[in-house]
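Heads up, the chain below is alone and in the form predicted alone; it's given as structure tokens.
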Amino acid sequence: MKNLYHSDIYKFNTPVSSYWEDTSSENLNLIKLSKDIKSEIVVIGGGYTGLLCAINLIEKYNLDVVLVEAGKIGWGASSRNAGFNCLPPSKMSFKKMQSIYGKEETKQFFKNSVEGSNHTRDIIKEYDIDCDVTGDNNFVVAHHKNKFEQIKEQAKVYKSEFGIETEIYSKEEFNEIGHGGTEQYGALSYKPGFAINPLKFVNGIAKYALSKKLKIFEHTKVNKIDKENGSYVLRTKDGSIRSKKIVVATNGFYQEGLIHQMDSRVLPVISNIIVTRKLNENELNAHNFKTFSPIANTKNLLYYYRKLPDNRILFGTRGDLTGSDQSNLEMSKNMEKFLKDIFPQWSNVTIDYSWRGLIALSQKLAPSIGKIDNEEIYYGFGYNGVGVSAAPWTGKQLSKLVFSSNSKDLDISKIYKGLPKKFIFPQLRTFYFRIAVWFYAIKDKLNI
């Protein structure tokens, strides 16, 4: 199983040092699998998708479920993302989507995206999770004056085509409610949307799952899957699980070679985040940074940022290209420069945290939910960095699929359904991505 990036990014036994780790104290006291067991269903992956799928299978269908996670619960993107509940979970423009799938399927896709965002809020309330919810919408900021017309059109289409509540703000208006800076030329807001502490969220889901008697094993990496007498046998270092059905919920950390039908379909992309020290009121006022709502800008290689509850600034962007700890360090230095170029009054603000993780892209540029033909293996992945709203909802949809064993039973946009195409010469996936980064960097430089 050869990974696409440096081994530093796949240290499953090492907690990711992040702001979230320092502000989340939950200890779930989970153990690793150390013997051979049986279960009706095995879920691989202890993030939002896997946990929600397992919970629904237990609560709604009273099934026997075991969940295994290679690291600790939420070790992947679920514990280290920026905490943005935004939409849609796609890198495809709505125009492109309409040209490929038609207007009705595109409308349904956006409807499902909104359902996902609302489902995340419902889970927080229903499971009584304290995960530092802030903001009540999302902002998209025009980073250049050329981009203001583009976001005005986006706001108009979101409202008229998809029924999404939007509002447009001029540069001056957004300066009063959001922030000023060198790359602020007006903004749009859309609802639903808010921000969370993602590690507190995933730990809260896991705690609820344990209360429903879900059997969870941490630090239990599946190394091999065999078929024996109509069952699957999932082999780990210290034990095995015999099961009738498998759910793969590993997203960007899918291990190539585990299930050949799923190989070469995911492009894991590194996303990096930095977090500043706490800013005082005078420093925040220097750029009029008022809002706690999550913000993304209009760059092709977008910046995303937000004010945290303790007045730190979180700032994220497309990450380094190799995955080594050294390249992560270099990327965080670049990001500090990006941040201070946008907010020059913060030139003396130090960075307290930097970390990274993998988001999952595919050729489809939208999430994939389905069942492998002629197998009892199910999957949900490919959130394009929008997993806070898309992954829990996907877990719920997956549970219906697993129970019925029939993908035609899912009443969702067909854009979500089925596997994406395999990459040609999959060993060159990171090379393809480097070319894309180079291309989009030129577009951003020319503001097109």
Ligand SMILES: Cc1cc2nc3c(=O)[nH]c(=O)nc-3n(C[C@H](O)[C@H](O)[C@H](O)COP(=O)(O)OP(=O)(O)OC[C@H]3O[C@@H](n4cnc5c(N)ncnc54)[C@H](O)[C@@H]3O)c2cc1C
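Predicted model only: the values in this text are computed from it and were never measured. Numbers for residues come from their place in the sequence shown, where the first is 1.
Quick note: we don't show the form predicted in complex with the ligand, though the next part is all about it.
Student: Using a 4.5 Å heavy atom cut-off, which stretch among 124-132, 250-258, 167-175, 106-114 contacts the ligand in the predicted bound form?
Tutor: Careful reading of the contacts points to 250-258.
Student: Under a 4.5 angstroms heavy atom criterion, identify the one residue in 277, 152, 221, 242 near the ligand in the predicted bound form.
Tutor: Comparing distances to the ligand in the predicted bound form, the residue within 4.5 Å is 221.
Student: Of the residues 147, 318, 119, 80, which one places a heavy atom within 4.5 Å of the ligand in the predicted bound form?
Tutor: Checked against the cut-off, the match is 80.
Student: With the partner left out here, check for me: in the predicted bound form, does some heavy atom of residue 383 sit within 4.5 Å of the ligand?
Tutor: Close contact exists here: in the predicted bound form, residue 383 approaches the ligand to within 4.5 Å, heavy atoms only.
Student: Given that the ligand is not shown alongside this chain, does residue 71 nevertheless sit within 4.5 Å of it in the predicted bound form, heavy atom to heavy atom?
Tutor: Looking in the predicted bound form, residue contacts with the ligand include residue 71, since a heavy atom lies within 4.5 Å.
Student: Residue 303: heavy atom within 4.5 Å of the ligand in the predicted bound form?
Tutor: Residue 303: no, not in contact with the ligand in the predicted bound form.
Student: Could you tell me if residue 90 has a non-hydrogen atom within 4.5 Å of the ligand in the predicted bound form?
Tutor: It does not: once the ligand is placed as it appears in the predicted bound form, residue 90 has no heavy atom within 4.5 Å of it.
Student: Where, within 360-397, is there a heavy atom within 4.5 Å of the ligand in the predicted bound form? Residue list please.
Tutor: Read in sequence order, the residues that approach the ligand (within 4.5 Å, in the predicted bound form) are 383, 385, 386, 387, 388, 389, 391.
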